[in-house]
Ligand code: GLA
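Quick setup: one chain, the form predicted on its own, written in structure tokens, and binding and motion questions come after.
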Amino acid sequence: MKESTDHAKVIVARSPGRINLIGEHTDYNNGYVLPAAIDKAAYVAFKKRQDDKIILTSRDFKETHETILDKVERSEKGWPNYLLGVVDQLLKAGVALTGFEVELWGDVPAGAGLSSSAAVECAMLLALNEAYHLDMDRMKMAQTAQSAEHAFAGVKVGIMDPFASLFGKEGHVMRLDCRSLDFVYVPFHTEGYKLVLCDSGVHHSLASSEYNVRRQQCEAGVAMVAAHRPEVHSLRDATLPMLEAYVAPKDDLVFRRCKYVVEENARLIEACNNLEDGDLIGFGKRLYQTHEGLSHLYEVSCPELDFLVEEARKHPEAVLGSRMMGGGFGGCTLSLVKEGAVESWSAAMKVAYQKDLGKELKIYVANIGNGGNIQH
């Protein structure tokens, strides 16, 4: 009796997108990041079947994808891969699954650098964990989502995105050490200010961008340093003098990539100190510095993102800091904007973007929320 009820039961799981306040492209270099979950999420409605058929439906794409358990493989459609990728990881780990039906929907804008893919993967993992009583802890889920993205989406992402989606806490950012996976919640007291996202409308695809190339360049820099300093295993262990001595003479491009990462790690620690001291002006300056590094040293910005940051600079009475956010080559800028000025500033940004670039600008206020959960 229990079995038939179990198969009829629909489990709804929610997992949010994320913003990262500072610490961009540091996660896969074993550095620090400072993410937070936001109040936009992916949702999965999951129901077991009694056969081996898998039926996936995307409410947003109005598409269905069908397969069977022993034929879980990448789809040309794209969106099913974020669901199938985590199933593939569980099957490879020897987890006994049945067929199932899943409906997917959400309000995390895709391609905006808010990690809609990790939100989908984590929602799916929460549902699977609940449906099959897998007793996976949240860190194991985050690592499984990361592996799924590597295997099925072909993007060598770090741990940050799924971690933020699962561990988010309202009113807090999380300082995560991507090497040890230790983390602390840092209260985010920004009374009088709002985090505002300007969506450039340039929809990056990390898989087809130079994301993996940047990762290889960082690894090349580490190898150059490690040849002289064997204690250096990642850019987390490197210093600027090491880069100047061992990387700059050999490869200026690799040097600039590595220089950005080493500086960004130091900047994140300073930014956390700013937050703990209530120094939002100092924190805002770090945001601008990060954008400079991402645009000129790491070269993952684009003209639209650079325009949005420069336009934000023209409003110092309203904005404390602004930078591109996410993997790059499109997506959003993140700006710290005085609460009373959000409406007028947003209107001015939309006018400027339309006038200079001929594009419509979408703007969201990002509220920090809780991590993923089962909806009861």
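Fair warning: this is a prediction, and the values are worked out from it, not measured in the lab. Residues carry their position along the shown sequence, with the first being 1.
This protein has a second form, the form predicted in complex with the named molecule, left out of what is shown; the following refers to that one.
Can you say which of 345-353, 36-44, 56-64, 323-331 gets within 4.5 Å of the named molecule in the predicted complex, counting heavy atoms only? This holds for exactly one stretch, 323-331.
Would you please decide whether E311 lies within 4.5 angstroms of the named molecule in the predicted complex, comparing each non-hydrogen atom pair? Output for E311 is no: heavy atoms all beyond 4.5 Å of the named molecule.
Interface membership of H25, the named molecule in the predicted complex, 4.5 Å heavy atom rule: Yes, contact at 4.5 Å.
I'd like to know if G282 sits close to the named molecule in the predicted complex, meaning any non-hydrogen atom pair within 4.5 angstroms. Flag for G282 set to no.
Considering non-hydrogen atoms and a 4.5 Å limit, does the named molecule approach G158 in the predicted complex? Judged by the heavy-atom cut-off of 4.5 Å, G158 is in contact with the named molecule in the predicted complex.
Just give me the single entry in Y211, F255, F183, F188 that has a non-hydrogen atom within 4.5 angstroms of the named molecule in the predicted complex. Among Y211, F255, F183, F188, a heavy atom within 4.5 Å of the named molecule in the predicted complex occurs only for Y211.
Let me know which residues along 169-186 have a heavy atom within 4.5 Å of the named molecule in the predicted complex, or say none if there are none. Heavy-atom contacts within 4.5 Å come from no residue here.
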